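Okay, here we've got a single chain as structure tokens, the form predicted on its own, with questions on binding and movement later.
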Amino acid sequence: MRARRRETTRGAATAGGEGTRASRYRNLKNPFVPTRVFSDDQVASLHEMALGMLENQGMRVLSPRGRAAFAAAGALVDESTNMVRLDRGLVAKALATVPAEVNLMARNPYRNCRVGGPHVVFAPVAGPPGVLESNGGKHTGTMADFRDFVKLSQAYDVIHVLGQMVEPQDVNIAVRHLETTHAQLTLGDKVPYFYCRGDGQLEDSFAMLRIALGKDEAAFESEAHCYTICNTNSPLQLDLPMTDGILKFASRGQLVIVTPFTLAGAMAPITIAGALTLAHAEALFGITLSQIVRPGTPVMYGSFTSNVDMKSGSPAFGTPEYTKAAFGAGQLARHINVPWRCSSATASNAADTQSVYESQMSLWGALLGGCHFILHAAGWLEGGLTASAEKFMLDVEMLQMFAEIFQPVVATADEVGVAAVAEAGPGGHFFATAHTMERYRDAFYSPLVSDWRNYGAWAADGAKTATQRAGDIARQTIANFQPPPMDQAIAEELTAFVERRKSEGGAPAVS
């Protein structure tokens, strides 16, 4: 029998970060042509209308440093109102220097990612203040929760980077960044995510990352080693920490993702086209600032456009409008040739059926729309207010399925198996043909959460739902987790840095 090697499709981590890892999930490429909801003329028109908003109305910038940077670049700044208006020539100049693709360099080179082009990066949920418990209860996020979600994010190859998976409110905010950065750097070897809460906190986080990487400032700033999200305050405002975050990340050459949060009917016009145009204007504004600071610095076009429930005013996610908005945002991002970030989102309060079909609708919008970076890809609930380990595992299952969809379908004569058809013969079966025997171990995707047994076998084994099985897998993953290797001297230096900065009081958060 001819030997046939294929990479495993299971994504669980092992000690040392290798073993059963599935390298096919490390660097995903989307082979499909992006879906369009607008014609090329319509996209160009929306872009022109967004430029008009920035020229005629502008945006309020609450950071004096941000206004100064815009003014030095030739923008019209009104200090009495904090409004900044951009000439379309200034925007065009900035867009001309944005890298269409960029590398994200991890502590472990196997975890390096590429953003842009055909590449797809999946990032975990970011920022929920609450955590859903397995019994359906909910508690305020803790540092222990944060570490558990880092472990889950590290353990599965289809999650390509780390993130601020939950807000650990049992740690004082002046030192919280020290603890969360330390957890990401010691429990993971993937690219970390840092919040923008002031220069002091970012300088600490950057210093810790340089220690972990063993790089000086020049080497660190030569490539992107971390990322952040800078949200606008829709409509048409950029607050102090987000503005200064763009300034700091751009000046250091690290990846900043400028993301307006436009809910149609609430913080944006009620139409999809209107909400997207406003979001496009705000994204252009932040992207322009990044290039003013450092031409060629990596930046992404973030989109987070959905609708609200007009009966209650609550945000709605995974809706048909959300999906169509994702398609449109992708077209606008490609129009300006800037890498695009989208999200997987749900408004469900539990890791239930609603949470899965809404998240899958979001994923279809992002991935069929050509998204390069999907935030909140695993673990998001309640419109971003809750993180869930059960939902995390359900999402990992969905992401691995999408990763398998991305794999090419081979159509060689050997794959088609004409000889197998002859071997089986009329009325026969293919279970024992040579073609099947060579391939059966890894011919199909092997599920992580799904149970494909019949009813009797499933019932005899406890009749567990997918959510219950997902919880079991999450708990087992955390219990068996082994952190990736780190040089002892580096680990000690990181710990010493954290203890010293904590003794000094850390760094205040800027709001």
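Numbers for residues come from their place in the sequence shown, where the first is 1. Note that the structure is a prediction, hence the values are computed from the model and not measured.
Although not depicted, the form predicted together with a further copy of the same chain is the subject of the following passage.
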{"item": "Options 122-130, 164-172, 323-331, 105-113; stretch whose heavy atom lies within 4.5 Å of a further copy of the same chain in the predicted complex", "value": "323-331"}
{"item": "Single option in L187, L236, A75, A155 placed near a further copy of the same chain in the predicted complex, where near means a heavy atom within 4.5 Å", "value": "L236"}
{"item": "Contact residue in the predicted complex, from A207, L213, L240, L368 (heavy atom within 4.5 Å of a further copy of the same chain)", "value": "L368"}
{"item": "Any non-hydrogen atom of V338 within 4.5 angstroms of a further copy of the same chain in the predicted complex", "value": "no"}
{"item": "Non-hydrogen atom contact A71 with a further copy of the same chain in the predicted complex at 4.5 angstroms", "value": "no"}
{"item": "Any non-hydrogen atom of T412 within 4.5 angstroms of a further copy of the same chain in the predicted complex", "value": "yes"}
{"item": "Residue contact check: S450 to a further copy of the same chain in the predicted complex, 4.5 Å heavy atom", "value": "yes"}
{"item": "Residues within 4.5 Å of a further copy of the same chain in the predicted complex, restricted to 261-277 and counted by heavy atom", "value": "A264, G265, A266, M267, A268, P269, I270, T271, I272, A273, G274, T277"}
